[in-house]
Every structure is written in structure tokens, then in C-alpha cells.
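Take a look at this one chain, the form predicted on its own, written out in C-alpha cells.
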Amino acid sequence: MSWDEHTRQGTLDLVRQVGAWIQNERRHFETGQVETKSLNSLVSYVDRHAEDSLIQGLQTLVPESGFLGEEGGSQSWVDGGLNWIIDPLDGTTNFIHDLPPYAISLALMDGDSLRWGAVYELGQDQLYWAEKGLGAFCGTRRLTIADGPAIDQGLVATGFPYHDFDSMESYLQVLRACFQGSRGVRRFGSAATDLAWVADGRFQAFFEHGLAPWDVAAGILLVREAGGHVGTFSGPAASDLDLVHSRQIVAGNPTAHATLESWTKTSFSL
């Protein structure tokens, strides 16, 4: 693959273009234009059209790549090759109710490793991106959380279960530890944004259960390239591919991540 400055900039331009279209549609969006995929899982024509636009643009930029998109626009995964993981609108419920944040999340995997990712949070018009070995950025501003504060000096982000309630008691135990051991817990309804804000130092840590690959792929790379740590409730994953498919995540600056991971390990091992 020819991944160079031209391709990187072309991908960022594509994300911005699709984001502008989403924001334009929000101005005259009607809640009657919504479908229910499963319990509390909503989708609209905006999600589907945005995913199609991203795939069409990426096929031109990186013709040899495969795709895994939330809305099923293309499921042409290339084993061992280059694959895009796409959430065209993370936080659809927020979007429907005109409540930010909501975001585009886009990640490129090279084999079983994350290579590039972007989260475009549309409410504040902030485009986060990261490249393996190059760093994490918000626009042109470099992100760094390697020396971030301990969890008791900051905020923890999470997402409340809305369809998978099998681990509710364990989840509530982690929440209790967060209530007692941090400055507060926040739930914004967009995992991709939560991870971007961890990478930006707004949150010190984040955890959630029941996530899909498109919710977390880009955010994982953002946190890692900003100097943070990311893993499962029980510790590190064997590979990035395993991590994005694990359906659970613990992320944070190094100090806060270690504390939150100890809480998830204890609660989910009982």
C-alpha cells in the first residue's frame, strides 16, 4: 500500500466532507426517519449514506483494502491485509435527539495491527487522528497523556448497558469503585468520543462492556499513540485484532489505567 502524506490528507479530507454532510442533515432531521435494528439500537438514512460515502472514498484512496462497517455497507474483510473499520455515526441516539457528542470513527488495520485511525467529534468540530509510531493529534495539536494524573484526580467515562445486562452486578461494582475513587463518572453516549477525550486528557480513564469493533478501533490507537494504555477487563489482549473484537475495554493514562484495570479485574472475576 502507498500510505503517504497525500493518502493521509485525502482520508482526513474525506472524513471532514462526510462530517459536514451529517451536520447539514441534522438541521432538518426528523425523528420519524429512524429504524430500530435491535433493542435500543437505532439507525437512520444518515448512518447508511455516511457509511456508503466513506467506503466509496476509501476505495479510491486505498483500492486494495477491505471493510467492516456497522451498517453492513460492505463486509469484504481481507484476511491478513488492509481493512477499514467504520462507524459512520457513533452516537446515533444522541444525533437523533440533537444531543452531542456524536462522531465518525474510522480505523485502518494492517493484518492484526492498528495502523491509522480518526474520530471526528461533530458537536465541537474536533478531528482527532493517530498513526502508529507517529503520534496522536487533534488537528495539528499533538496529544500526550503519558504523565496524566491519577484516577482520583480526574474523571472516568463509561457507557451504560442498554441491551446486554448479563454482567450488570459486576459492572455496578466497578461503577461503585469509580464513584468512590475518582472525581466523577460521565456517560456521553459515544464510545469513540470517550476514547478520543481520554487521549486528549479530558478523561483520565474509560471502561465499557458490550462494544463492537467499530466503536473502539480508532479510539484504541488514539489513546495508545497519546501515551496511554488500553486493554480488556482482565488485562492486555494478544493482538489489536483480539482487542477490537473483545467487546470490552479499559483505557486511560498509564497511572489511571492501572487503577481502573485493577477494579475491573476484581469485579469481573467474582
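In this text, all values refer to a predicted model and were calculated from it rather than measured experimentally. All residue numbers refer to positions in the sequence shown, first residue = 1.
Just so it is clear, the following notes concern the form predicted in complex with ligand IPD, a form of the same protein that is not shown.
By the heavy atom within 4.5 Å rule, which residue out of Glu51, Glu225, Asp240, Glu208 makes contact with ligand IPD in the predicted complex?
It is Glu208.
Pick from Leu89, Ala136, Val156, Ala118: which residue has any heavy atom within 4.5 angstroms of ligand IPD in the predicted complex?
So the residue touching ligand IPD in the predicted complex, by this definition, is Leu89.
4.5 angstroms heavy atom contact with ligand IPD in the predicted complex for Arg187
So Arg187 counts as contacting ligand IPD.
Distance check, Ala191 to ligand IPD in the predicted complex, heavy atom within 4.5 Å:
Looking in the predicted complex, residue contacts with ligand IPD include Ala191, since a heavy atom lies within 4.5 Å.
Looking at 56-64, 232-240, 197-205, 210-218, which lies within 4.5 angstroms of ligand IPD in the predicted complex, counting heavy atoms?
This holds for exactly one stretch, 210-218.
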